[in-house]
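Just the one chain here, laid out as C-alpha cells, in the form predicted on its own.
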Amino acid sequence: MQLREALARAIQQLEDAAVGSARLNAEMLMMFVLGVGRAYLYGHPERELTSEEAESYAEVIAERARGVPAQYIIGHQEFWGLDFLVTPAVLIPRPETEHVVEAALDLAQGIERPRIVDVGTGSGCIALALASELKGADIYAVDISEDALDIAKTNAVRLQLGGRVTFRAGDLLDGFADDEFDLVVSNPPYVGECEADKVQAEVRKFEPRVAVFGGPQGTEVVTKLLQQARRVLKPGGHLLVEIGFSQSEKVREMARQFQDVDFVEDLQGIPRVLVARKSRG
C-alpha cells in the first residue's frame, strides 16, 4: 500500500469516528510510525509501506479512532519548547498552562534565589519549564501519584534538569514548612464530578481522573490548596493556580484572605490563572 493511500484511508476512518483534525492526526501518526517529518510525507506520497509499517499504522489509527489521545500513542508532548514524555499516568500538558509559567517567571524576577513549589506536577511540565529558565531557583515538585512522579523524574533526566528540581510524593502541600516558598504554582484538578458529561470524552476516558476531577463541584482541591498555600508562602509570596472556565468569581471569593487577587487571561480572554499575594503582615 502506498503512503498516500494509507493516509487517505486513515483520514476517512478518523472522520467516521468523529475525531477532530483527522488529517493532522493521520499525518502525525504516520510520521510517528515511519520516524519521518511532515515534509517527507508530502515529498514521497508514492512510497510503498512495508507490511510491518502498514500493520503498525493500522494499529495506531485504530487506537486514535477509539479515542486514545495521540500524545499517549506517540508518548510525547511539547510544552514551553521542551519535549515531555507522557503516559496515561499524567495529564497531557496543554498550551494554556504555559500562562502559569509566564506569570511565575515575571514574579520571580528580582528574587535572588526563588524558592518555588509546583503542586500536582504530573509530567513535571511546569516545574521543569521554570527550572529551564531560572538557573538559580530552588524548585520542588510534588504529586500524590508515584506513577506520575516517575514520569516527571524521567523527564527531568531527559531534559538535563535533574539536579534543579526536588521531587516529593505527597498530598498537596502536606509536609512543607511554614513561610517556606516565594511562589506556589499549580495546575490542580478543577473539573467537577457534576459536570463530567461536559468534558471531552477522550479526557474523561483516558486521562487520569485524579488529575482532572477536583471533587463534586470541582473546587474542593483548589479550596484546600489555597488554605495550605497561605501557610507555606513567605510573607509577600505569591500563589498561581490554573482554574477552569467560569470559575474566576468563585475562586476570587475563595481567595479573599490573600491580597492583590487577579487573573491572567488566556488568548480567548478567559480568566485562566489566579495570581494572589500573601499579606506581609
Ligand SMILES: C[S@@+](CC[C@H](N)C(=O)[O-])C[C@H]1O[C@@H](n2cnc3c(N)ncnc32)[C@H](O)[C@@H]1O
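Every value quoted in this text rests on a predicted model; they were computed, and no experiment measured them. Numbers for residues come from their place in the sequence shown, where the first is 1.
Just so you know, the form predicted in complex with the ligand exists too; it's not on screen, but the next bit is about it.
- Here the marked residues 125, 189 and 210 all reach the ligand in the model of the complex, each with a heavy atom within 4.5 angstroms.
- Contact annotation: the ligand lies within 4.5 Å of heavy atoms from the stretch 180-188 in the model of the complex, the single such stretch among 132-140, 180-188, 196-204, 108-116.
- Listed residues 103, 91, 161, 151 were compared with the ligand in the model of the complex; 91 is the one with a heavy atom within 4.5 Å.
- Although the partner is absent from this view, residue 97 contacts the ligand in the model of the complex, with a non-hydrogen atom inside 4.5 angstroms.
- In the model of the complex, the ligand sits beyond 4.5 Å of every heavy atom of residue 77.
- For the chain shown alone, residue 85 is not a contact residue for the ligand in the model of the complex, no non-hydrogen atom being within 4.5 angstroms.
- Proximity of residue 71 to the ligand in the model of the complex falls outside the 4.5 Å heavy atom cutoff.
- With contact defined as any non-hydrogen atom lying within 4.5 angstroms of the ligand in the model of the complex, the contacting residues in 164-181 are 170, 171, 172, given in sequence order.
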